[in-house]
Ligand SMILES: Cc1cc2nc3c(=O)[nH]c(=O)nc-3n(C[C@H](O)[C@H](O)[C@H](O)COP(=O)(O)O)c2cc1C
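Encoded as structure tokens, the following chain is the form predicted on its own, with no partner shown.
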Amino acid sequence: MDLSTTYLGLALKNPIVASASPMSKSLNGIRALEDHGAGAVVMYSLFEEQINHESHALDHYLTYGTESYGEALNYFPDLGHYNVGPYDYLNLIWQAKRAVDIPIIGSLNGVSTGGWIEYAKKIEDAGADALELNIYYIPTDPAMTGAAVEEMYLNVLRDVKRSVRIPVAVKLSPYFSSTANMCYRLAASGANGLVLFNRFYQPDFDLENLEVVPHLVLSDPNELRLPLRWVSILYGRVHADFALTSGVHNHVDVIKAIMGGANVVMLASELLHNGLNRVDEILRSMQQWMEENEYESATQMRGSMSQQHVAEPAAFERANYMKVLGSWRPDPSVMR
């Protein structure tokens, strides 16, 4: 079976991409991902805060209002020791490009325009084949409009695109009032690919110490449905490649994503849970499924169950809401 695909203009041997995670923080980790079959690797993210942590502006925004909330003073990590420094990051990309044959995709995580964007060019110069722009922003100011948030995303993308010649993908959240329009505008502003979706990690309360604490929860298979729905809706309508991320845990999830219209799927949680050998296992199961169902290639499957090609396009929209609600039947043992 031919599992090859293209993403951001890059030829990949298969559609499984290792997404940004601790697995790509070392050269040995990147080599291991290639050895186990990954089609490409997204480097762990280089944060805007890491690049600018000595600037007075960053200090102002991180400490603004903390005189009223003492706990906030210790909430942010010591940015001087978070991950590795920007130059170590660039050096790892340089080494990885000489150690492996699969594409290496850099990852920049930021929310504002400014000098940190010059690192997009440095990532390109280090040898990265493409760049993933991971815009992780939670608008907490009640005075900030949705239009202002959207324009911020677009401005960051435009500034990065002016800095590099390599392809750029945007990893965005699902929380826009019009997700389809936002994806359309990002593609029109130069995004070569869209990564659906970013997972916002939610804080938790420590009731013993009365503190707000960060709490990491890896994805579960049920989270696949949200990005699967939107990839299927946008395929053929927005002119960009699609990477589906969140909730991909087995070969069935990968096949669904491709049939919805994704060029690639991105895995992290499954590999962190169960090891890198899961890439090999998923690829073998995909090939077996394709053979049993008479598919010859991933390209043949792509988009075959998108909204444009299914018999009931309304299944992706409001009409399906009533149908789903009407499908529920009570369990007599529970209703007693």
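Counting begins at 1, following the sequence as shown. Remember, it's a predicted structure, so these values are computed and weren't measured experimentally.
Note that the form predicted in complex with this ligand isn't included here; everything after this is about it.
The contact residue chosen from N109, S173, S163, N192 relative to this ligand in the predicted bound form is N109, the criterion being a non-hydrogen atom within 4.5 angstroms. This chain appears without its partner; in the predicted bound form, the one residue of R199, K122, K256, R185 with a heavy atom within 4.5 Å of this ligand is R199. Put simply, I16 is far from this ligand in the predicted bound form: not one heavy atom of it is within 4.5 Å. By the criterion of a heavy atom within 4.5 Å, S219 is counted among the residues contacting this ligand in the predicted bound form. Contact annotation for P103: none of its heavy atoms lies within 4.5 Å of this ligand in the predicted bound form. When contacts are judged by a 4.5 Å heavy atom cut-off, P167 does not count as touching this ligand in the predicted bound form. Partner proximity in the predicted bound form, defined as non-hydrogen atoms within 4.5 angstroms of this ligand, places exactly one of 26-34, 269-277, 284-292, 298-306 at the interface: 269-277. Residues E132, N134 of 126-147 are found to place at least one heavy atom within 4.5 Å of this ligand in the predicted bound form.
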